[in-house]
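We've got the same protein chain twice here, in two forms, each standing alone as C-alpha cells: structure 1 and structure 2.
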Structure 1
C-alpha cells in the first residue's frame, strides 16, 4: 500500500521512520511513496516534493497521511484527497474538529474514510478502545487529562509552590509547550479532543465553539494552596456526557480528591476514562504526544485500512450541546465578586467563593457576564 505523507516534522518524520524500518510484516506491506515538505532546504530524500498536487493527484497513492498541523492548507489538502478517492489518516485535531462534518460527508460520497487515532491522546489507543467498546456497549460518558503540557504545569506548580509563569516557561524550555501556548493553557487543545471523542463515542458531530471551555491561564499559587489545604489536586479535564437527544461537553479545571485516579497522573502524561453500561469504567494512560508514540497511532490506522479493518462505518448525527444537564459546585476567584452573590454557598475570602450546586451552563453565563480577565474557575468534585 502506497502512502503520501503531508508534512515531515515531529510526527511525520516518526511515521516515515516506523514504516521505513518495517519491524513487523504488516508494516513491511506499507510504503511511503511521496513526502511533502515546506521548502527546498528539506529536500533531502528523492521521495520529497514541494508540490502537494504531485501527491494528491498520484493514482498509485492509496492513503494520504496529514501531519502538517494548523487549519490551512491542511483542510484543503485533506478535502482534495478525499474527493480523489483516497483514504486519509490525520493527527491534526484542530483541523478535523473544525471540519469533521464536511470531511466525513465527502469521504462517504467517495467510499473512503477518515482516521484520527493520533489526533486525540497521542500514542494512547483511545479511539480504538471507543470503537471496540461500542461494538457491545453504549458509552455513557468520558473524562480525561488530554493535554500533557497543562498537566505538567499544574503538577510542578503544586509540588514546588511556584508561579504559573515560571512553570510555563519551564514547559516551553523542555519542548512541552509552544512559543504561543494559548491552545494548551486556554483549553482549546482539549476542546478539539473532546469534540473528536464525542464523534467517536456518541456518533455525533457538534459545533466545537459550543463546548464550554475554561483553561488554566489565570491560576494562582493561592488557588493551589487551597487545594493543598483541603487535600485536593487540580487537573484540567475534558468531559463528554451522552443524554440521547443532546450531549454535555466541556473543558474545565477540576479540584479532585487525592483518592481520584486522575489526581495522581504525573508530569506530561495523559489519562482518559470511558464509562459504559456493561464494561463500566475503563482507563487508558500513557504519553499523549511525542514523535514515535503519535506516529505509532498513525501507522496503526494505516494498517487498519490495509487490512480492511475500517471502524468508520457509522453515520454521524448533528447534535446540540446542553451543558445545563451537568451540575456541580465551583470554586471561583474573581476581581468582580458582586456578579456571584446569588451563587455563593461559602466565601473563602473577599474575592473567592464556592458556589451552590448549579448547572455548568448557568455558572458559565455568570462568568461571561462578569467579563473578568483575572477570573479563575474550577469544578470541585471532592
Structure 2
C-alpha cells in the first residue's frame, strides 16, 4: 500500500524510519512513496518533493499521512486528500480538533476514514481502546495525563527544584514540545486531546474553546513546595464526564495524593483512564510524545487501514459542555486575593487560598473576573 507522507519533522521522520526498516511482515506491505518537505535544503531523498499537489493528486497513493502540525496548510491538504478519496492518518491534534466535524463529513461522503491515534496520547493505544470499549459499553468518564512536555517539566521541577524555563528547554530539546510550546504549558494541547477523546468516548464533536482550560505557565516553586509539604504531586490532567444530557470537559493542574496512580507517572509518559459501565476502570500508560513512539501510533493506523479495520465514524451528537456539573476544591495563588473572599475555605498565605467545594464553572468565572495573569489554580483531590 502506497503512502504519501506530509511533513518530515519529529513524527514524520519516525514514520519514514519505521516503514523503511519494516520490522514486521505487515509493515513490509507498506511503502512510503512520496514525502512532502518544507524547503530545498531538506530534499535529501528521491521520494521527497516540495509540491503537495504531486502527492495529493497521485492516483497510486492510497493513504495520506499528515505529520506537519499547525492548522494550515495541513487542514487544506487533509481536506483535499479526503476529497480525492484517500484515507488520512494524522498526528495533528490541533488541526483535527478544530476541523473534525467538516473533515469527518467529507470522509463519509467519499467513503474513506480519518485516523488519529497519534494525535492523542502519543504511542498509547488510547483511541483504539475507546473504539473497542464503545463497541460494547458506555463510557462514563475519562481523565489522564495527556501531555508529555508538562509532565516532564512538573516532575523535573519537583525532583530537582529547578526552574520552569530550564525544564521547558530540555523538553524542547528532547522533541516533546509543540512548535509553539505555549500550546503545551497553557493546556491547549491537552484541550485538543480532550476534545478528540470526547469524539470517541461520547460521540460528540465539541468546540474546543468551550473546554475550560488552565495550564501550568504560572506555576511557582512555592506551589510545588506546598505540594511537597503536604505529600502531594502536581499533574496537568485532561478530563471528560458524561451526564447524558450534557458533558463536563476541562483541563486543569491537579494536586494529587502521592498514592494516586497518576501522581507517579514519570517524565514524558502519558497515562489515561477510562471508566465505563461494564469494564469499569481501565488505564493506558506509555510514551505520550517523541519521534518513534508517536510514529508507532501512526503506523498502527496505517496497518488498520491496510487490514480494512477502519473504526466506523458514527454520527456525532451536539451535546453541550456544562462544567457546573463538576465540583471540587481549588488551590489558588493570586495577586488579586480580593476577588476570592467569598470562595475561601482557608487562607494559606496573604495571596494563596483553598476554596470551599464549588463548581468548576463558578471558580472559572471568578478567575476570569480577577483577570490576573500571575494566577495559578489547581484542583486539590487528595
Ligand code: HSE
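Numbering follows the first chain given and starts at 1. Between two forms, the rigid core is the largest collection of C-alphas that superpose within 1.5 Å. Because the structure is a prediction, the values reported are computed rather than measured.
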{"property": "Form predicted on its own - structure 1 or 2", "result": "1"}
{"property": "Residue 110 C-alpha shift between structures 1 and 2 of 2 Å or more, rigid core reference", "result": "no"}
{"property": "Residue 210 C-alpha relocation of at least 2 Å between structures 1 and 2, rigid core basis", "result": "no"}
{"property": "Core-aligned CA displacement of residue 188 at least 2 Å between structures 1 and 2", "result": "no"}
{"property": "Displacement in Å of the C-alpha of residue 161 between structures 1 and 2, rigid core kept as reference", "result": "2.8"}
